[in-house]
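One chain follows as structure tokens, the form predicted on its own.
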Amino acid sequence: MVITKDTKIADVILKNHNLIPIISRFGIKFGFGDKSIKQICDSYDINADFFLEIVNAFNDKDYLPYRKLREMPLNLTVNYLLKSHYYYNKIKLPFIENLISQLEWKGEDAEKNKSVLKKFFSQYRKEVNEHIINEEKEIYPYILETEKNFLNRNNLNPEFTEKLKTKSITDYADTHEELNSALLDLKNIIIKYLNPPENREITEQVLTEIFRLEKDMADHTELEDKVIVPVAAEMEKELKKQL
């Protein structure tokens, strides 16, 4: 199913409930009746073309939106990624942490098991937060600054020109693999190494949410690696020719 501007947004969710957190990042609230995506986007002042590229990409793994997204202003994708950061830090990770706190074991290793899992998850949250801070304070501002100067390349900002002489988008180390590795370790701890908790249904919830987070963050990484970074790199390359 290819989602279009005429598609009813309620039908989108009814056919794929996994799109609920994606749609919510645009600030859209439930109770939209039979309104189409165009009607909803108009009422929320959302760029409908960008919205469609995002929901189609998350809805269909074979849908390739990157060419169209690369032609759109980078700030649209960056703003979406910032909302994803908020979702991870304020909603998804606290929710998983709360589920972990509900796990129960019996016997003398009960407290030890819970402590190990809590400590590992706490460290993972810290790494995610550090990664997000780096992107929001260093990478995203530089990308947006590059775009702004590229669009006004006949009148470059002198301060940015100096920065361009020593910096490059390729200088920013990609730490996504480290986060993916930490998430894999977390899954393995629960699946392979800890004694099974007594409340199996909570264990299943924890794992389900971790797998969902993993998929969401993989899509997040793709938007960075296949849209904003290569587009910014091309702009940067052209700007450096003027130095």
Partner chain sequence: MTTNKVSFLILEKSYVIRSGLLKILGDFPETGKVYELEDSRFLFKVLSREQVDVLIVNAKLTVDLTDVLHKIRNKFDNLKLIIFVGTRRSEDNFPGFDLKISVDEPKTDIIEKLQKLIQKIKPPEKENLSEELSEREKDVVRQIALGKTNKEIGEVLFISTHTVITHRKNITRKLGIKTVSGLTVYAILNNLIKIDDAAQPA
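None of these values were measured; they are calculated from a predicted model. Numbering follows the first chain given and starts at 1.
Keep in mind that the form predicted together with its partner chain is missing from the display, and what follows is about it.
Just one of 214, 42, 185, 49 comes within 4.5 Å of its partner chain in the model of the complex, counting any heavy atom, and that one is 185.
Think of it this way: in the model of the complex, its partner chain has a heavy atom of just one of 163, 153, 112, 83 within 4.5 Å, and the residue is 112. Remark: none of the three candidate residues (15, 34 and 221) comes within 4.5 Å of its partner chain in the model of the complex, counting heavy atoms only. Taking non-hydrogen atoms only, residue 102 never approaches its partner chain to within 4.5 angstroms in the model of the complex.
By the criterion of a heavy atom within 4.5 Å, residue 95 is excluded from the residues contacting its partner chain in the model of the complex.
Within this chain, residue 157 is remote from the site of its partner chain in the model of the complex, having no heavy atom within 4.5 Å. Mapping the unseen interface onto this chain, residue 192 counts among the residues with a heavy atom inside 4.5 Å of its partner chain in the model of the complex.
Of the candidate stretches 68-76, 131-139, 117-125, 84-92, only 117-125 has residues with heavy atoms within 4.5 Å of its partner chain in the model of the complex.
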